[in-house]
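As structure tokens, one chain now follows by itself in the form predicted alone.
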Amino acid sequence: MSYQKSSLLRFFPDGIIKQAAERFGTPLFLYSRELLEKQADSYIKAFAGTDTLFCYAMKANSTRGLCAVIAAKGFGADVVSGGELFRALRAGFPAEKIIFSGVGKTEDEIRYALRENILFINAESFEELRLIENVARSMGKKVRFSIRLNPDVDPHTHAYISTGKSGSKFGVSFDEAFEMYRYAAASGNFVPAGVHSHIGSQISSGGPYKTAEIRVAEFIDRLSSLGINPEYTDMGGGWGAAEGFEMKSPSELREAAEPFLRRGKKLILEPGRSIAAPCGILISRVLYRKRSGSRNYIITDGGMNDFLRPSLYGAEHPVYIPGKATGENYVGKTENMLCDIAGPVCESADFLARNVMLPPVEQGELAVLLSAGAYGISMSSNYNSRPRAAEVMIENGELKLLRRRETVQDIISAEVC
């Protein structure tokens, strides 16, 4: 990975980065509302003229101040827990635009979703479908539901974010799904609202979607033989946004959706990371520099508990040092140094970047990790009893605090003895 001044940085001027760090401390998540809205608008523009509901994937970043901006665009929400459902409603997503996915919903979570009258629940196993039926019957309700299909399509991304291949814990086979819809039709407690599939994340072309959606469309035709005609077809999410860049237009997704649009189906998409990732950066401060064997380390106050993707997925996020020359000015210069950016957490896996070529970095300077708006704060933890970072948004050149920095008192607040 080389040191580059990404085009994303036009949304994060050096002066704002430094002001945010001085005012709110580090490590710090800083978001651009302008870029967040621009990413959301890309979906709206690409699917103009179609009957499409965008359900933002809350798992990418569920902070209320950020989600409220997306909700104001008319988006719904895709949630995978009762906690995310609570936060989606709190952020302003209408219940009638919320879908509940995930393989391990509890009885209490199902009851909560039915009580709030959300759009529908995605069932991912026969046993779950029966539990949903029992809960709905006990509440005297009919439940709007969908079944998540596993279309056995390889999106050729990281193994941890590929969810649509046979053998995955997600979804069910087409034959099992057919029997589940048949069972639901005979039950009397179900309304078949949709058919769902999701093949993975960080997908960079429409090809895998086309393959999956042709198979799903054929399944929908098969369902019609039972007199079952779901209103919605849910293509899932997973459209990629390369680290350091805005996402490319999702127009290829519209092309992949043609088998459904031709059948007159309402469409659902679940964008998450593609919207949130580019609009956020993680700002850390350089604590120390050291050399170990042949490796040069820059130790920062931000670590894997703040941003897990590099350790978990091997994700390579561009690094920027505010106030330093761009990478082009340093190409071939002897003062360039190959570095690892590591944090203070007591783990060898604690790094934010490896093998990055940087100009000279001094103690006290800032190190910025780009494309950190998704799966940053939402996957952060208190490991090593480290308080989680604050979150701030740039709005019209001003800084707005979305979430204050945690304290150690916050960490122990739930302990009762």
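Note that the structure is predicted; figures quoted are calculated from it, not measured. Note that residue numbering begins at 1 and tracks the sequence as displayed.
From this point on, the text means the form predicted in complex with a small molecule, which you will not see here.
Peer 1: Is it the case that R386, even though its partner is missing from this view, gets within 4.5 Å of the small molecule in the model of the complex, heavy atoms only?
Peer 2: Answer no; every heavy atom of R386 is more than 4.5 Å from the small molecule in the model of the complex.
Peer 1: With the cut-off set at 4.5 Å between non-hydrogen atoms, does R144 touch the small molecule in the model of the complex?
Peer 2: R144 lies outside the contact set for the small molecule.
Peer 1: Residue-level contact is defined here as any heavy atom of the residue lying within 4.5 Å of the small molecule in the model of the complex; does F54 satisfy this criterion?
Peer 2: F54: no contact with the small molecule in the model of the complex.
Peer 1: Is Y375 close enough to the small molecule in the model of the complex to count, meaning some heavy atom within 4.5 Å?
Peer 2: Yes, Y375 sits close enough to the small molecule in the model of the complex that at least one of its heavy atoms falls within 4.5 Å.
Peer 1: If contact means any heavy atom within 4.5 Å, which of 83-91, 125-133, 214-222, 197-205 contacts the small molecule in the model of the complex?
Peer 2: Result for this chain: 197-205.
Peer 1: Which residue, P278, G343, G237, G171, has a heavy atom that falls within 4.5 Å of the small molecule in the model of the complex?
Peer 2: That would be G237.
Peer 1: Which residue, A349, A68, M379, I44, is the contact with the small molecule in the model of the complex, using a 4.5 Å heavy atom cutoff?
Peer 2: Looking at A349, A68, M379, I44 one by one, just M379 meets the 4.5 Å heavy-atom criterion.
Peer 1: Within 4.5 Å of the small molecule in the model of the complex: all of G76, K97 and Y112, by heavy atom?
Peer 2: None of them does, since no heavy atom lies within 4.5 Å of the partner.
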